[in-house]
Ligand SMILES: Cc1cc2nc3c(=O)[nH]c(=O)nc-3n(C[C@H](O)[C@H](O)[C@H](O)COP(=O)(O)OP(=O)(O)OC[C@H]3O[C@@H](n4cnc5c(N)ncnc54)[C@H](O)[C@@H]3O)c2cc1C
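Given next, in structure tokens, is a single chain: the form predicted alone.
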């Protein structure tokens, strides 16, 4: 086997003949056996440095070489098998359940929110009427937060596990097969709900159980080593519990703290949502060569400012901004894109790394220190506007510390309020963003630093501000055996793929 790279102009398909011709040269074999050579396309990425190209990485095989094909395990009927309670139906919970089906255990999924279709009605009320359902919103409900934030699948690292299992599962349940190839794959918030629903149907068909509107209020470890998990209406019991509640389940952290179960303050990142015209991002990233048939341009960056990281987060090309509050009296923004990525805006979080030592005044809250800090910033943003309208400021005005003279149009449905974001944000964040935006515009993306860009506050749900510690070998909580903290909510993942892999890993330990 040999890996080769083939480039073709964007808009042109890579043919089998082109691959086999390149394979003959790379393998040093006779052209007579060209038709017998086998291949597998491993990855496709866009190169916009000069001519706009697709670059393909391809594995090619001689006729006598074995080509290892990835095959998913089959699911077992687990209707009468031992139950494992999974708290949360996001990526970690769903993929833990699928792995349990493969291993012959019965997943019992408790989800505080609604199913993926009913959930949309609560999100519509949130965006249009400002009504927050604390259990059903952009963060809580079937599929988790990632279901309505573009469905980006950017994790390619193999450190956490075999990502092929995650990607092939998603394709099995309805995702476009191109996610197996693209360097930056995404599913889209219009298509991901169907995938999520198909996963649920599969789990139920094989004997697993789903319970919606089932917010967990207590977890009790009994004398025999098993657990009672209490919801608002029922108590469920099992010997093993996977805790996959997501990074916004603050009540779970507070419950752990009350019980004296160890949790730890963990660094996270906080900043703003930045919205540009998508046409400008296309022009920047394609160096003025953008054509309508080309994929909508995206971007990412990371830099260091005053010994702290500043980076883009959850970039949504051709997307819109949405309110991600999970309680009354707080203001949080997130972004989402549909599969076509065809809105006229591009948005991304641009956030600053925060560590517990950066805010010593919150030390009194112990392991919940940065959780309380996060709450206070979100509350401050809400209090400024008195609604889910977002405090907003033009980018260059923010950096110059001056008021904006009017605001550009925004995709954010509740609307924006002209505000001194440079004063509303913590100085730790505001000062670093002030230096970061001109640097990005001058050194990395010429044209990015512009007053046509709008900053809206606040982007604060980048990751969990709390870690639930676990044994690195067994993945069980350090004090509570049989309890498996999992995914973003436990502080061990950061996105759909990494959360799914963590769910698979926890289920495998069980």
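Positions refer to the first chain, counted from 1. This is a predicted model, so every value here is computed, not measured.
Keep in mind that the form predicted together with this ligand is not shown, yet the notes after this line are about it.
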This ligand is absent from this chain, but in the model of the complex, do 216, 487 and 496 each have a non-hydrogen atom within 4.5 Å of it? yes
Pick the stretch from 354-362, 109-117, 75-83, 409-417 whose residues have a heavy atom within 4.5 Å of this ligand in the model of the complex. 109-117
Can you check whether residue 314 is within 4.5 Å of this ligand in the model of the complex, heavy atom basis? yes
Using heavy atoms and a 4.5 Å limit, would one call residue 347 a contact residue for this ligand in the model of the complex? no
In the model of the complex, is there a heavy atom of this ligand that lies within 4.5 Å of any heavy atom of residue 268, even though the partner is absent here? no
Do residue 151 and this ligand share at least one heavy atom pair within 4.5 Å in the model of the complex? yes
Interface residue in the model of the complex among 425, 139, 101, 170, criterion: non-hydrogen atom within 4.5 angstroms of this ligand: 139
Sole residue of 241, 244, 272, 96 within 4.5 Å of this ligand in the model of the complex, by heavy atom: 244
Determine the residues of 320-356 with a heavy atom within 4.5 Å of this ligand in the model of the complex and present them in sequence order; the list may be empty. 322, 334, 335
